[in-house]
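Only one chain is included here, represented as structure tokens and corresponding to the form predicted on its own.
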Amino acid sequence: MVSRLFGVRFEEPSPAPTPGEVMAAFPARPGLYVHIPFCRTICPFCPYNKVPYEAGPAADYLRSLRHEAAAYLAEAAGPFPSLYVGGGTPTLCLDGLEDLLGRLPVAGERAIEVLPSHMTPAGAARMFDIGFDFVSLGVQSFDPEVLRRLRRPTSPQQNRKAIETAVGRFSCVDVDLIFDVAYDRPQVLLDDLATCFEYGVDQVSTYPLMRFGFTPFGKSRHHRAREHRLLAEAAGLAAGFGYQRRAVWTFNRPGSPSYTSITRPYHLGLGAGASSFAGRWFTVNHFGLDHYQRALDAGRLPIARLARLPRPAAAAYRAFWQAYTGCTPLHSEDPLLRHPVAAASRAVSRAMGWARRRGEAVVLTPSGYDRYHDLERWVTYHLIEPLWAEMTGEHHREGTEPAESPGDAHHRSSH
């Protein structure tokens, strides 16, 4: 089957590329992304690749994950600059992750997504001892009504306790908040933000609810103007607390590092449903665990879809995510940011009033943040959703399609 997105063909690779070919495609050292797809219950708003947790399949999966990692490590020269572990609920598999981290050479941060109920004093000590120094707490809200509608398994009190446990223990503590202007009172997000700022977390990531058509929430019309107004109020509130806006949806304490996955220039994805962006290649692994494991057992990479990007398309994609951070350097060693398409995108943004020059960089204006908020949604619905909808069909064919349940518990990963 072939997906045609943005005029680029996502095809079933035949044959699958070798680890050496994938690593050679990167113009710079990529960050590592590891996907753990297991959840005890399934959250209805979550579009990410996930399956119900069972100890046996999880152990089998982690063995396959080690095999995939070993294939790439045999071709890698030197350590990776960062590691990001998402899901799913990766904190269900800390023992297996400890073994995996011992095999992965990582020079920079080791980040993991955390279900707040797992951020107990003992859980925090375990994560720290394993080597994780960046954590992202899937709080989503402190409002009981919002938590019930999202079917989150944690209470406002548990969310607060998780933050209290994490702050000061890890090098970077991010808190994820989801807002939905179609249902929630606007004040909810502002109150949630203020709570996070008062705790002194390093970063707050504020995500609009994405209504993927293959989730029970479905896709319905977004209220752009309301979202713009709410994010502008959020930015003003953040500034009042001394926080900086470092990306379209994130606010950081000055001097703190950033917790991020999608705005890394290049990334190598490991695990079922993980993707890799290597500049001229964009790959997506099998979503189904059986598909994923059978590929590795057959001695090939578990890549299900591959797009060979023309250089202008790769430059446009790279320039988009760089602009999303709010700041694009005028001079870069990255060949894609030096491409004429990237230069043209900066010029257009300045001409439209979306960006302005500040020193040796181009930074987004308030209007630019609104435009990139809208563009991110367009990319999500036109690039990510159709591809993921196709790939989730593997679960149906395997009989592992996750079912909605009243106690749904999935933490939103940012990949």
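The first residue of the sequence shown is number 1, and the count goes up from there. What you see is a predicted model, and the numbers here were worked out from it, not measured in a lab.
In what follows, reference is made to the form predicted in complex with a small molecule, a form of this protein that is not presented.
Undergrad: Could you spot which one of Gln140, Thr260, Thr283, Thr250 gets a heavy atom to within 4.5 Å of the small molecule in the predicted complex?
TA: Contact with the small molecule in the predicted complex is made by Gln140 alone.
Undergrad: Please pick, from Ala342, Val114, Val201, Leu289, the one residue with any non-hydrogen atom lying within 4.5 angstroms of the small molecule in the predicted complex.
TA: For this set of options, the contacting one is Val114.
Undergrad: At 4.5 Å between heavy atoms, only one of the stretches 273-281, 106-114, 311-319, 227-235 reaches the small molecule in the predicted complex; which one is it?
TA: Comparing against the small molecule in the predicted complex, the contact stretch is 106-114.
Undergrad: Tell me, yes or no, whether Gly88 is in contact with the small molecule in the predicted complex, where a contact means a heavy atom of each within 4.5 Å.
TA: Because a heavy atom of Gly88 falls inside 4.5 Å of the small molecule in the predicted complex, the answer is yes.
Undergrad: Answer with yes or no whether Met210 is in contact with the small molecule in the predicted complex, where contact means some heavy atom within 4.5 Å.
TA: Although the small molecule is absent here, Met210 would touch it in the predicted complex, with heavy atoms inside 4.5 Å.
Undergrad: So, in the predicted complex, is Tyr48 in contact with the small molecule at a 4.5 angstroms heavy atom limit?
TA: Yes, Tyr48 sits close enough to the small molecule in the predicted complex that at least one of its heavy atoms falls within 4.5 Å.
Undergrad: Does Asp176 make contact with the small molecule in the predicted complex, using a 4.5 Å heavy atom cut-off?
TA: The answer is yes: Asp176 has a heavy atom within 4.5 Å of the small molecule.
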